[in-house]
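Just so you know, structure 1 and structure 2 below are the same protein chain in two forms, each on its own as structure tokens.
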Structure 1
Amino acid sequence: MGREGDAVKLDPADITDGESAQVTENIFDTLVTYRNSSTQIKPDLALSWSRSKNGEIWIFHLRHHVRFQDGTKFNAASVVFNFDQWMNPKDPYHKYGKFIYWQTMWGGFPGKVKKVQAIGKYTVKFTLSQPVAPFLKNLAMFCFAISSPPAVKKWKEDYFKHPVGTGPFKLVLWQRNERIVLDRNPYYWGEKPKIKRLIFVPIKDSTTRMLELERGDIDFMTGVNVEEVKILKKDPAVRVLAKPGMNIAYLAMNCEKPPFNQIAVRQAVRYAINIKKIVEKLYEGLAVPAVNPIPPMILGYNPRLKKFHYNPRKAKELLAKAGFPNGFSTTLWYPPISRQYIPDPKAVAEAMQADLRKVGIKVKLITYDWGSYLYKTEMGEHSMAILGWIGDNGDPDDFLYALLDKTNAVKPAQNIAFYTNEKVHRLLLQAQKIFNPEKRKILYQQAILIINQDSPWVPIAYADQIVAFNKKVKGFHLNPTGMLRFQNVEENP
């Protein structure tokens, strides 16, 4: 599989990027998981579960006869060990990771998960501090996969180089920036993978990836450049798979850094950038301009939300109102590699730079290697930064709470706009506690109205998911989460 970049880490609980998660998804299992082409929940390491009437107690009954890839037996104690490590700062192994996703989804410690207990050899009890409507969908996310406790204890801070899970493949080699090699896991509890070996190769240049696919040097590629879709569709040996993605690309303005601490400046930037033209020109029909901070298939999307249409005159008026009649100078960061939600980040950044120049905002473009880019934006070093999000579980909480709630504006932050609004915070917390979808929808739409007015982002696009592979590859399913699982893939002669 040829892809845009290398993994950053291979500990699923300690990563935030898709390049890493694409690999760990094939090494690890979670308690519950998603069906092949949806975010519907099905059993994984847990066979069945139940919850109390108030939604604060959950009981999971685990599979028997499951082994980790190091031969260790999986049981309830394994689950408790993992959750204790992620959630409890006093746990002796907590110091070996940042566990940003835990903070993002559960609010740290003590957060929404009060206690995880083994109440039987294969039975686990979760005690929550409040009902959590997307609880099961959260548990299915790649970041809550279960690691081998002996492996974590053995490798400590280096565990991310030596991951051990219960999934269909096991790590046998990681040569940084060259290849990651996974072999079929002989201990796997489910249907054995049909392929013996799975190799992830970082090939930064999209054209090179395409040529290697056409030559047969690789079997599968991600990060298909939009210009290359037409070329690949003409190749009789290649299949291109595209479907609307559960994603968003956005430009985050750092609300902690002047002048972006002013709503008028942020709104001016939105009016100054011709998003419609950028999407038409650079996505070539494989995306639609974004307006909401969530994609259209997510609960709470508001089709009647006020649009910030391209209006340079309005942008200049707002800048003058904010005290910048002649504009100002700033920086705009862009990712170094293509992503599902933004195939050509540099071209998008250059288009934004040109638009902003017209209203007096002088922009210097900056990028870093992928790992550094993620870390530096999480630490708030940027003024403006392009990034995006692929929904992890199909729930609005995973977009709005993760990316725009004040809880997650704490460094290292997922909310890289460092946007805080108390009313939005209350609405998002209230929505987490309600299981009725219609009531949740109303709350999310109210929150989105406020976010849209405050303008911490310039929403850019909802892009199609696109992968391409040799037609001899069979059995692959494209999941809305963007996760690529190769357990059922086979290679026909």
Structure 2
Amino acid sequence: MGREGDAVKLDPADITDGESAQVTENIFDTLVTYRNSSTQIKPDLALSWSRSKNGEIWIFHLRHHVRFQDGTKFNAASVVFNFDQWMNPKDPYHKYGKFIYWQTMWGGFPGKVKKVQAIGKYTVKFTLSQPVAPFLKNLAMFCFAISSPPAVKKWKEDYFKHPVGTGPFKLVLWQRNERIVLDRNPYYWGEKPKIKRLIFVPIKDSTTRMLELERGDIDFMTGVNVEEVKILKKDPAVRVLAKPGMNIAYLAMNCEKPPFNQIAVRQAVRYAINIKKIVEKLYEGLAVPAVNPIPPMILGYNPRLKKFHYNPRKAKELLAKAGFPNGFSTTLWYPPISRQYIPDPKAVAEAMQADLRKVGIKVKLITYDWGSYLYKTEMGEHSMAILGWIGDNGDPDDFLYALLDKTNAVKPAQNIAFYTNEKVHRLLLQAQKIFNPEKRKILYQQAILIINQDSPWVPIAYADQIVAFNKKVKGFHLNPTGMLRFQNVEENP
């Protein structure tokens, strides 16, 4: 399979990039996992689980007769060993990783997970410091996959080059920037993978990647450009799979900076930009114009939310009301590279610039290299900036709390609109602790209603995620998290 780049590390707990996770996903298992095509939870290494009434204690009953790829038996002690390494700074093996995802998901070391104990050979007890509604969804993330304790102990800081899990494939060879070769794991507890060997090849140039797929040198490719979709769709030997992605692209208005501290101005910008036209023209039909701050597959999405249809006259009225009858000058930042949620950021920015000029807002376009762009927007140097988000685990908290809560409006901020609303904050905190999906949904819908009215963003689009593969490849499912699992894939001759 050809993809944009090579993996950085192969220790799932210590990575943050998609290229690494694509590989570890096939070597490792987690306690619970997502269903093939959704973020619904199903058993993986844990067969069943229960939680206490207050939601602070969770008991997991583990699968028996599971072995790691090095032959070690999997049991409750292995789970405890892994969690201790990640969460406990005093653990002798903690120093060999940074465990950034642990910190982000649980809020520090140990964070919201107070204790993890083995209370039987195959039973593990988690004690949390507070109820965490997305607990299972978090545990299903690639970063909380279980490693073989003897392998971690043996390789120490070099474990990321010698990963050992319980998953369907095992690592055979990693030549950096050349290839990663995985073979079928003979010890695998589940249905054995149908393909014998799985090779990840970094092919940086997307045209080369596409040509190799067409020729049959590779069977599968990621990072398909919108323009390439048209070419590949004409190839009878290739199948293009495009499915709604768990993402959103948005234009954030910096609520700390005048004139965007006024709701009327922010709403005027929303009316002034013809999002429907931009998405139609620049996403080639591979996206849906966004209204909600979360994509439709996420709990709390409100299909009847008030839309800000393109209306330059209304925009002008609102601007006049806010004290800018003749408009104003400002800057609009756009990402320097294409992302899953925005294939051509510059073109989107230019279209917005043209629309805003019509209502008197003169916009200068600005961009930086990707690293600086993220840093500067996190530090709030922008007035308006285009950015996006790809959900990690399918929970609304991963979108709304991460991107629009006041806690995350502190520099360096993930909430780059620097939007703060007490009521939204209270609703989001409350929703974090409630397990009943119906009740959570109501809370999130209330929050979204307020956010929509306050308009810190111009939501742009929910883009499709796209992969392309040879028609010989059967049984592949695209998961909204973007993870690629080859366990059930088979290749017809």
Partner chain sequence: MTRYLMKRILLLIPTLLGVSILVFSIIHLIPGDPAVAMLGQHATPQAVARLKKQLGLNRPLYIQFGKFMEGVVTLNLGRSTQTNEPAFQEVLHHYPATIELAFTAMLIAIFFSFSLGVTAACFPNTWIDYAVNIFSLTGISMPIFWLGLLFLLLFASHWRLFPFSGRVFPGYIFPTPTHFYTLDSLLTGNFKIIKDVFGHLFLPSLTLSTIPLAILTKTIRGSLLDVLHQEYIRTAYAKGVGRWKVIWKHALKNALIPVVTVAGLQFGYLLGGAILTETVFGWPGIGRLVVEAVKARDYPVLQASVLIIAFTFVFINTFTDFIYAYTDPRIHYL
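So that the term is clear: the rigid core is the largest set of C-alpha atoms that superpose within 1.5 Å between two forms. Bear in mind the structure is a predicted one, so any value in this text is a computation, not a measurement. Please note that residue numbering is based on structure 1, beginning with 1 at the start of its sequence.
Remark: structure 1 matches the stated condition (the form predicted alone). Val32: CA moves less than 2 Å between structures 1 and 2 after rigid-core fitting. Superposed on the core, the two forms barely differ at Gly165: its CA moves less than 2 Å between structures 1 and 2.
Rigid-body rotation of the smaller part against the larger part between structures 1 and 2 amounts to 28 degrees, from C-alpha fits. With the core fitted, the CA of Tyr462 sits 3.4 Å away from its counterpart between structures 1 and 2. Note on Asp405: its Cα is shifted 6.9 Å between structures 1 and 2, core used for superposition.
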